[in-house]
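Okay, here we've got a single chain as structure tokens, the form predicted alone, with questions on binding and movement later.
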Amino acid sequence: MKASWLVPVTFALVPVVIPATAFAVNIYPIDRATMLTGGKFDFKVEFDKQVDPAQVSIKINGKSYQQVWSQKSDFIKDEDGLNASSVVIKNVDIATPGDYKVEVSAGDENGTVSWSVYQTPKKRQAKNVILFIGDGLSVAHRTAARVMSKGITEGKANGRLAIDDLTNMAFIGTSSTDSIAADSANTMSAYMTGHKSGVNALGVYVSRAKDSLNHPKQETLGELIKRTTNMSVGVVSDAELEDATPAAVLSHTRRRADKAEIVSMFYDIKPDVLLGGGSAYFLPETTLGSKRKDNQNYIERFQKAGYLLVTNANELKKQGSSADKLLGLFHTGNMDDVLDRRFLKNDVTKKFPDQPDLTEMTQTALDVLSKNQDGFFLMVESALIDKASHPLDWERAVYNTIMLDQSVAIAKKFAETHPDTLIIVTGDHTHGISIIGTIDDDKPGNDMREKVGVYETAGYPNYQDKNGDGYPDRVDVSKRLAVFFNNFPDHYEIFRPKLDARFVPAIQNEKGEYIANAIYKDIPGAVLRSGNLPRKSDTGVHSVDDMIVQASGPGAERFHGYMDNTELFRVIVDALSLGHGKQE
């Protein structure tokens, strides 16, 4: 995608008091949108039917939109053959903070929305911002990580996670414009744009456009930083780099599956550090393993643009920190769980045996980005918490949570010598997961259900960390945590860690419905659990619970109480004093 829509078009308006609103047409940005002064967006009005352009009236605080924005608008008489008209004006902004009322009419169609435009402080609080996303991170993941990593004795934790001591905390609401239950696309998009969006959408409002790349855009934080500052931007994930969370830093699409297009958006904006999986979308279709449908070779294009390419942990360790621009691609798809890579050493990692830990990627990203005296924004995602939680594989999810926490510890160490660094740790959404006690193999009998201990019969698990690496030495101890998900397809509960590979709870039958995977049926003590999700669901789903955010450093005091997820964007832009035009 070309970045031409970032060409500045600015207009100053006088704020007014906003009365109650009414709706009859769709207007984007939507009602109650909050926007940064100078932040770019596409403005769109959708009428329910074909209208006469001569009858169209669009006023912003009483002024014609043509007076507000001098840029030419597009009137679409019959949008996508839907017998309905639209008005679109791209790449606009509002320069003066305050409340705004947008009134639209055409014949008998009319609508009104209100916007709130804010200005950031002139004095920059933070030089650097590091945002950690634990995809799907829930309270139970953290509790289990603390118990398994640090231990617990007589009711008190034997140690604390790095996350535990971040100074400020808040709850965050995660719902999208179209659903109370969100996905990683719209939740991360809210963090990265300050605007709400819909499920599966990145950096756009969900309009009626049929082309997934033609929905009204919201400028992302990565774009804003690159457009207005000399700061560096880094994106690190153990998922595919085109996956929703890393993609949200820079991309715009109604369809998060537009992964080939997302790679082109990365190339257009050129973040200084890109580390993760997903090389299949960087390679031309003629290369074995490619998932592109064209001959674009983005690895070569990034290299020609000055990026150092590394493809395994050894190269990252030896060469990564020396780079000024770094592209690290360590897997064609999502990277593998740390439990498989470092502890079980099973067949899962045969294809890519030398993948770096998230900790190593975090440290290298900091080494490269911190060379910039103007500061940096770094997003680090521990994506595999979510990837393991969907198939109800809580042990892998918790080991990945420990990996996230150790990455946070690296950032905290960096902040000791760079106190002008704001560290934020949160998730994008939660999973319905809870710890209820323990499972004790030494209890008599073969009925695994009777080995579940609750209340005073739970006692404590017997994980050990003799080598002090922060991970339990064995996951398959005789007395382990009892962790269950509250939503699931039909599956066999086996009460044990899955040592060969991730759990596959359900498989599809001839009717297209998901049924319990029979490969687990004959494991001693396995119990059939009838699902509580629709039969088209193959895994567990996200929960709507509030997300916890914690932070330390300049600007962290803004996190308290309950916040909407769009407010995280505002905390960051306030801390970096963005929205004042090009910084020198």
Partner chain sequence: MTRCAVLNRRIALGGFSGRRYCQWLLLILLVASPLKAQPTLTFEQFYSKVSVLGLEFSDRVKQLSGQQIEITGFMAPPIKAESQFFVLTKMPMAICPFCSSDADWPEDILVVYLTKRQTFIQNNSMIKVTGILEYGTWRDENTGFVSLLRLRDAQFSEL
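Model, not experiment: these values are computed from the prediction. Numbering follows the first chain given and starts at 1.
There is another form of this protein, the form predicted together with the partner chain, and it is not shown here; the text below is about that form.
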Partner-proximal stretch of 345-353, 188-196, 152-160, 80-88 relative to the partner chain in the predicted bound form, 4.5 angstroms, heavy atom: 345-353
Whether S264, N295 and L358 all lie within 4.5 angstroms of the partner chain in the predicted bound form by heavy atom: no
Answer option from V425, L329, A182, A126, heavy atom within 4.5 Å of the partner chain in the predicted bound form: L329
Selected contact from V68, I30, V541, A516, since only one has a non-hydrogen atom within 4.5 angstroms of the partner chain in the predicted bound form: A516
Contact label in the predicted bound form: V504 to the partner chain, heavy atom within 4.5 Å: yes
In the predicted bound form, L166 touching the partner chain (heavy atom, 4.5 Å): no
P419: touches the partner chain in the predicted bound form, heavy atom cutoff 4.5 angstroms: no
4.5 Å heavy atom contact, N509 and the partner chain in the predicted bound form: yes
Contact set, 284-317 vs the partner chain in the predicted bound form - heavy atom within 4.5 angstroms: E285, T287, L288, G289, K291, K293, I299, L309, T311
